[in-house]
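Form predicted on its own, single chain, as structure tokens, below.
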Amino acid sequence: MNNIVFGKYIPLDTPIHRLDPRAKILAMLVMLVAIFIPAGWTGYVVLALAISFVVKVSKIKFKVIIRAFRPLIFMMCFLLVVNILSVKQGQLLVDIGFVKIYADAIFNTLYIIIRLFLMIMLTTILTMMTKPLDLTLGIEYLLGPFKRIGVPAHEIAMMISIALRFIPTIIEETIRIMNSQKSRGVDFEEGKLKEKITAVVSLVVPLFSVSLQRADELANAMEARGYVPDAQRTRYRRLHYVRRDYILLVGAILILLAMIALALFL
């Protein structure tokens, strides 16, 4: 549980942190599209180098980013087993009795793992290098043109911001409840299946109750301050693109074009 870093903002003074939130969101979306282009191993190397450069400039340690991937290790192992059992194409690598492992099963699993890893890195970088309020403001600005067709831009941005903001809070509450239940003799790691289910219920019920309580407190606090979702607002802070924002967007677009070229000509 302590390995989850998604949603945690790390306050640093770096060029990446000072970028316009709209530029960071747009660049992330462009890079996410680039990840799903089948450009082969060369394309993944290009993407990995570009993302690693951003992490290096942001002065955030790579091990902090890697921690976001640890909770998915079990899912990756399960995916590998499923592909080994279902994919029967490519060169036969292992033939032991009824166990037959083909090359395509391994490569397909690696492709999915690398794509997922790069996606997690991008989204984690965005949340770690952008303040929740700046992220809300950026999303609202980007959704602004859709207000003409009835899209509630402010409400959507507010919900996303609150969800991201409360991820670390919910994690802390989960750890606190787990420690409290362990002190009462609840074992979350060992025991029979029935005992494990009972342990999980003893965790989920109070966590659900605490989440509802915090949501109610937040709603009361917003109402006490006169918050009205659809009210007309003015902004103290105005977002303005500067040269470094354009450089980021151009760089992301160039990487996308490079991925398309690799997919077409290699």
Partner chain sequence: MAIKFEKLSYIYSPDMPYATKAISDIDLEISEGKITAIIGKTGSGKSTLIQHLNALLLPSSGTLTIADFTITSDKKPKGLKALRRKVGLVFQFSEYQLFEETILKDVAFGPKNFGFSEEEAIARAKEALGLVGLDESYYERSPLDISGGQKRRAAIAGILAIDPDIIVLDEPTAGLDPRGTKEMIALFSALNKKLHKTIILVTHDNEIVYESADEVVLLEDGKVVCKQDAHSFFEDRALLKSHAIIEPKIVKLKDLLMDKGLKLDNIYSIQDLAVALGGNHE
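Not measured: the values here are computed from a predicted model. Between two forms, the rigid core is the largest collection of C-alphas that superpose within 1.5 Å. Numbering follows the first chain given and starts at 1.
What follows is about the form predicted in complex with the partner chain, which we do not show.
Annotated contact segment (heavy atom within 4.5 Å of the partner chain in the model of the complex): 176-184, selected among 160-168, 137-145, 88-96, 176-184. Checking 222, 64, 46, 32 against the partner chain in the model of the complex, a heavy atom within 4.5 Å turns up for just one residue: 64. In terms of contact with the partner chain in the model of the complex, the residue from 239, 210, 218, 57 that brings a heavy atom within 4.5 Å is 210. At a distance of at most 4.5 angstroms from the partner chain in the model of the complex, none of the three residues 123, 131 and 226 contributes a non-hydrogen atom. The shortest heavy atom separation between residue 231 and the partner chain in the model of the complex exceeds 4.5 Å. When contacts are judged by a 4.5 Å heavy atom cut-off, residue 10 counts as touching the partner chain in the model of the complex. Put simply, residue 206 is close to the partner chain in the model of the complex: some heavy atom of it is within 4.5 Å. Remark: residue 198 counts among the residues lining the partner chain in the model of the complex, judged by a heavy atom distance of 4.5 Å or less. The two forms, fitted on the rigid core, differ between the shown form and the other one by 2 Å or more at the CA of residue 206. Relative to the superposed core, residue 90 undergoes a C-alpha shift smaller than 2 Å between the shown form and the other one. In the core-superposed comparison between the shown form and the other one, the C-alpha atom of residue 168 has shifted by at least 2 angstroms.
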